[in-house]
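In structure tokens, one chain follows: the form predicted on its own.
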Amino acid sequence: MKKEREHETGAGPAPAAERGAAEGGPGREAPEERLLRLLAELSETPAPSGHEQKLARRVAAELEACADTVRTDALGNVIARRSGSGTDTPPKLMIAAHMDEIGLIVTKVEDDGFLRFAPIGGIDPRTLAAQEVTVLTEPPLPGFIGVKPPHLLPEDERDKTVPIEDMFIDTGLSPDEARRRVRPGDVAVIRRAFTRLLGTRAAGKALDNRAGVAAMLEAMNLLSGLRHAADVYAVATVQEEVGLRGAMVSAYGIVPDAAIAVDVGFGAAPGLPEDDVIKMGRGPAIALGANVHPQLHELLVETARLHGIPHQIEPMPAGSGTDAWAVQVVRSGVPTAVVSIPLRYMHSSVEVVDIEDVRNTARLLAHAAAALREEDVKGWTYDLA
């Protein structure tokens, strides 16, 4: 994430239409608690790239309550549509949030029963030693990532990061049982319980990008209380962490008139350069740069201002590294935008988000979808006059 140019507005109470969609009657679960519960379920469900089926079923079930149609495609993307109430040719808005997570793949079962592995996606070796994992066999198999004890390391290796090829998963099984239960190609994820911290913060694994998925689901829920002209497609994409593949094929099938990628950005923390981070608790970051159509950016900014949604502006000079990077160049090109939820400790098992940032991201997405009109997308071309 690049230099932040801060712009904020007061949050204020949610408008009545939002509250009507989000809140139930007496005794019903409060919106904030429901969002936390949803985020916990999404975080703890294992779904490494290429193995998103279990999470896809959970996401699809959530969308059934607030979409007209829900389907999956050949790659595994979950695609939901809410029909607009406008013209006979409503614009199509795609909201994309990737549901896959980084993980591990077993490369070898050693003669002594230990499992060697390789990364799925951008794993930082510094975060792996001594982590608890779940090998996704049937039934799932618990284990730990082991390394050589420091007492037995040569002196010149003691202060170095242990390379992945020197790590192994110890399941506690005998060699024969390990070979029977596990095969090369089986995958694993870090096991970590979702934890609510003090205030409005929470921590867990895979919040990159389950926070974005939760915001997208909540936005679709809010849209049930708002009038919108556009057909809104909510897409939980697969295989983002290994090449933006789900976003590419789903956008090719939908052919959207505009698209918003919802992902996470580098949350501010001690020792990080201010130019590379966005602030926690200050609302979503709305990107501006080569991967973003300027008029869609303006729609998002004006929507945030109109509805009192706190937000930040995030200059992004080149590629965003998000689903927007793939969607933008599908077919003859799609006007795209990037909305980022601040997140600390990215690609670790203790990622931290502020639940208010997730909630405000959902509000921004819902109101932006409601604001989009057919005449907007018809005019979204670059004027060379």
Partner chain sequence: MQAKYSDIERLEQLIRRLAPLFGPSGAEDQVRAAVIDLVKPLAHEVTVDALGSVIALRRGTGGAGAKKVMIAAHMDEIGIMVTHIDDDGFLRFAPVGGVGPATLLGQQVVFEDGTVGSIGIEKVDGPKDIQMDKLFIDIGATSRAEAEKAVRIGSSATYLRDVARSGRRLIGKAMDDRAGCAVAVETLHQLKADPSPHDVYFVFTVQEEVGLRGARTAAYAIEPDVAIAVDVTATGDTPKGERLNMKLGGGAAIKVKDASLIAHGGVRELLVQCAADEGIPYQMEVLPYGGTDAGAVHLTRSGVPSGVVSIPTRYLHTPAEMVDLGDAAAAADLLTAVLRRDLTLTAGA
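Residue numbers count along the first chain shown, from 1. Nothing here was measured: the structure is a model prediction, and the numbers come from that model.
Here the subject shifts to the form predicted in complex with its partner chain, a form of this protein not shown in this document.
Note on the partner interface in the predicted bound form: the residue among I145, A229, L223, M248 having a heavy atom within 4.5 angstroms of its partner chain is M248. Only one of R180, R305, K108, R158 comes within 4.5 Å of its partner chain in the predicted bound form through a heavy atom, and that residue is K108. The candidate spot formed by L75, A118 and E165 lies fully in contact with its partner chain in the predicted bound form, as each residue has a heavy atom within 4.5 Å of it.
Residues with any non-hydrogen atom within 4.5 angstroms of its partner chain in the predicted bound form fall in just one of 180-188, 295-303, 88-96, 259-267: 180-188.
Its partner chain in the predicted bound form comes within 4.5 Å of no heavy atom belonging to G321. Its partner chain in the predicted bound form comes within 4.5 Å of no heavy atom belonging to R344. By the criterion of a heavy atom within 4.5 Å, E62 is excluded from the residues contacting its partner chain in the predicted bound form.
Within this chain, T69 is remote from the site of its partner chain in the predicted bound form, having no heavy atom within 4.5 Å. Taking its partner chain as it sits in the predicted bound form, the stretch 293-328 never comes within 4.5 angstroms of it through any non-hydrogen atom.
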